[in-house]
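Only one chain is shown below, in structure tokens, and it's the form predicted on its own.
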């Protein structure tokens, strides 16, 4: 085993490039050409690959650090003798191309052929005379040895005024993405490509109507983005991505200044700007059908990361968020109950506007933003309350003997460290009820009712960040002790904010317990797509008539909310009654 230094390869004349993402951590096994970090200058971003395979032992850089060619990135433990002279793909030909092209004079021979280093332009005089309007064909410049590169974004549309070096499209291969700039200024008459097309060097990209003096004697601006080449002369995989196309040319003195690529003049993406993401993130988003233009990047300069895509996907799966397409579809199906300001104002429901009040004029105030969990859960609760016809049955269960049994069980298992709560018994009792009344363990799917043969019980957990609902899977196959142990572990994860998506999805029935706080009864809101939810409050000792006298009994308040589209009142009353019988004599759970 050998411990070697992995350094930043040749990145051209650029120095002190910022580290904006760390893609590995100590202990990770990495392969040759796997991306290690993402760096970004004001002109380009790229992922720096590893020149060998091995295990990361120590990272030598952190977010925000400035690096240059030769900077040590990390210490790698490898079983193969590493020869620095035969290194790995050089991750910088793109930025070196910037330096080379921008400092090299235009060869006369190139000018006479009407072809610059990377621009292919033909023109015809539409009006005649010097300065007359010209029909200019803009073609795909030199993009290296890559073939059939996909068009993934259109950044301009017919009728737009285009400036020199303004981006027209974004293309992407498996290893790199770049925006293709226009070599001339003018009005876009026709865009010759569409999203999904495969393009190559020399393909016709667009037709402009230009008032420039264009002739075959005048060389076009050298606006050719160049994909990376390895030191061996073959395309460099980079282990990941480039994202560049700005200012890769020399500008004649009379040329207009280029439009910054991160602010295209007429972008066709939502939000007024092109999503800032690397090719690997874009590919990841396409695989998951995530619209990048609807995400807010958490990385430097608003960059969208893999974690942002995963988080958005998780939120959509949990029903905590929706894409604009989903919101639009939902709005249409709900006859005006869709997203947007209409719901908040009540306009979509035909209600008068929500009152706008200047609270500060009545006295001192403090304004605090709602937590993310509360905003997400609030939207879901609003939808569920509006869309589901709720009915709630209230009842009381005698848990005198069950509480005595719980206390004795905890004493007997004191050494195990597992504390049995009343909620664990409730979960087991509810599973027995769900088996007897299967419609409570179902979901509406269009006009069909889906009956589930599994019993996953969600339970509301109060956390510092708001209400969360972990899900105990397959509760029917677990005993009370195992249920108590798993509940404790899930509740701890909830408080620490470490619950995974799978630990919060798949519930068939939910229990919301306020037993440790107080209260008598309440109306819990059903957690769609479930059709029922049980609310329990703090038990209290009450005098109960036993046929001969009033005797003190420990009574537990129950509040069962149910979807009246699926369940009727008689079934709900029977469910509550059966649940009360089980809690009063837990032996019934075996029947």
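Numbering follows the first chain given and starts at 1. From a predicted model like this one, the values you see are computed outputs, not experimental measurements.
The protein also exists as the form predicted together with oxidized coenzyme A (CAO); that form is not presented, and the subsequent description refers to it.
Annotated contacts: 461, 517 and 537 all touch oxidized coenzyme A (CAO) in the model of the complex [non-hydrogen atom within 4.5 angstroms]. Exactly one listed residue, out of 189, 449, 467, 376, brings a non-hydrogen atom to within 4.5 Å of oxidized coenzyme A (CAO) in the model of the complex: 467. The listed set 280, 166, 513, 305 contains one residue whose heavy atoms approach oxidized coenzyme A (CAO) in the model of the complex to within 4.5 Å, identified as 513. In the model of the complex, residue 418 stays away from oxidized coenzyme A (CAO), with no heavy atom inside 4.5 Å. Looking at residue 185, you'd find every heavy atom of it more than 4.5 angstroms from oxidized coenzyme A (CAO) in the model of the complex. Remark: residue 388 does not count among the residues lining oxidized coenzyme A (CAO) in the model of the complex, judged by a heavy atom distance of 4.5 Å or less. Shown alone here, residue 472 lies farther than 4.5 Å from oxidized coenzyme A (CAO) in the model of the complex, counting heavy atoms only. With the partner left out here, oxidized coenzyme A (CAO) still marks one of 201-209, 487-495, 281-289, 158-166 in the model of the complex; by a 4.5 Å heavy atom cut-off that stretch is 487-495.
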